[in-house]
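Next come structure tokens for two forms of one protein chain, structure 1 first, structure 2 second.
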Structure 1
């Protein structure tokens, strides 16, 4: 019964000085709102970065000749290509896949020349895998042309080399014996994706055209595939590696260490955000509660003098702080949730801010249910920790001195 009375007293004490209590509540609400939005922003950034890398370049799994990964020479093609295609076609876990002929070369026109990565693709398969046909902003995709040696280039590359649709370019690259070969191509389309660095380097030609020039129709250096469910990533990778041990089967995390780093560090960054915000809040709570104790010194002395023991006084101060946290946390989460909900629909244009690192996309903040729960628990723990020192100072008061204090 007495514990219930302490809880009631603690609740009433909060509203005896409404301005101070609401100030503390407001600071916690702002802190929780900021934490919620920062976590959602970072989660959205990581999701954007990974999805951009997977869609444009990495896919979920890539298969290569191990020597090709090390040397990047065109003579190192995928072994057992025909059998591998049969297995991939019959695997129900695979959403789509595409084979590619890869070559490093130079693209040149009257304005100059630049290094580039040449991707020889099967247009239908590539469209299913990377939606390249949907990224054409000028001209057409391969399936709408019958021109000889058509080429699709990135918007960034087109701007730097002053290229337009119907422009003619010359590609220079190596054959399997090391001999250089040059061929004229005609720009039929210009694509734009969310990665400007990818746009500037990678260009696409038809696999059959590249094979004809290299005098080898089966010169396949890469097979990339997307899964229906990314949770099956390790299972599918292990199965393919077991069936085709002569080839190198890698997932997107192994291919791109920076993607793996971002993905693996999401949890760490979340807790760093929480610690920073909670440290700021805890000092605000301590300051406010110390001021409350200073104002109520005589009252606290009176309570101890009529029989309230130190433990119950300690609990009263802790309950006051916890109540403030329990009032503020839901409000902060509510404001944070609506902020995240709004920007998850309209997005945040990060084009200028992220152009330097190659990203050119609208960022959509996201936050899962577990994160909301983590924030709530963190606020409660922070409120309790913030109450300990003021409560300790309160129980250190001497009743006689406290009552007589001016």
Structure 2
């Protein structure tokens, strides 16, 4: 009953000095808005980074001969390949998979040469897995019926080596016995993806062409697969690892530690953002509430004189700041939400900014419901913490001194 009165007084006290209260509300709104957007931006960046890595390169799971992973020598092919393909084809959790022959080599033309990763692919499977066919920006994707030794190269590589569609290049790579082999290829297509570093290094040839040159058309070094639901990652990985223990079955986090780092650190970074913003806000709250208490010293003395105990006085001041937080947080979240909503549709062009880390695409901020909840709770906790010192100062007042304060 009395608590209702405390709440009533606290609520009305907020509006005694509207400008001051609205200033605090405004600063919290801006803080929450900035926090919401920063979290959404970072979330969007990590999502973009991971999806770019998974879509272009890693897929969800990769299978290799364990010695290939360590030595990168072409002789270490996947064991029990035929049986593995049967199992993958019948697994309902798998969306698509593709096998690859991999070889490190060199690409050369009349203008120069560069090191490269040669990927011997089955064009149809690769198109299903990485949508490589959709990434062709010049020329065409592989056509199984035509041309000998076609090659698809990245836009970045094409620019650096001044290659065009129909340009001729020579690939040099190693056979299983260590002997070097060179072969001429003709550029039939140029792809562009979201990772410029990938574009510069990786080039695609048909598995059958590579097999013919290596004199082994079953030389498979890598099988990459995408799952229908990434939540099944651990289950599928464990099942494959147990069925084919002689092969190394790894998920994308294990293959690429930086992806794992981004994903695992997302929560930590979020909390760092929250702590920084809330730390700034708490000083604004403390300052405003100390001013409010200074102005009301005599009134607080009177309240204690007529019998209001210190705990209730403390609560009254805490309620005031919590109310300010509860007014400001939804407004900040609302502004933040609409900002995120807008940019999640139009995107933020990060092409130039992220080119050096290999990402050159539009960033779409995203934020889940859980983050909105986290921000709200953080603001309320900050408001309560911000109230503690002013409330402590208030209850330390001596009624006789406070009531005579001019």
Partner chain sequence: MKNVITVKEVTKVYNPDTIPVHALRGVDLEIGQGEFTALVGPSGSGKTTLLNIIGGLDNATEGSVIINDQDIEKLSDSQIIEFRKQHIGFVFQAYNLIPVLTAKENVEFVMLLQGASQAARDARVKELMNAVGLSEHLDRRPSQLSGGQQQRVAVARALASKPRFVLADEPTANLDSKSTADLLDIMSQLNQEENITFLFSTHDQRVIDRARRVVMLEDGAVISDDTKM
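In this text, rigid core is short for the largest set of C-alphas that superpose within 1.5 Å between two forms. These figures come from a predicted structure and were not determined experimentally. Positions refer to the first chain, counted from 1.
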| query | Which of the two shown corresponds to the form predicted together with its partner chain? | reply | 2
| For residue 243, is the CA shift between the two structures at least 2 Å following rigid-core superposition? | no
| field | Flag for residue 166, CA shift 2 Å or larger between the two structures after aligning core | value | no
| said: Taking 2 Å as the cut-off, check whether the CA of residue 233 shifts that much or more between the two structures after a rigid core fit. | reply: no
| request: Having superposed the rigid core, state how many Å the Cα of residue 310 shifts between the two structures. | output: 2.4
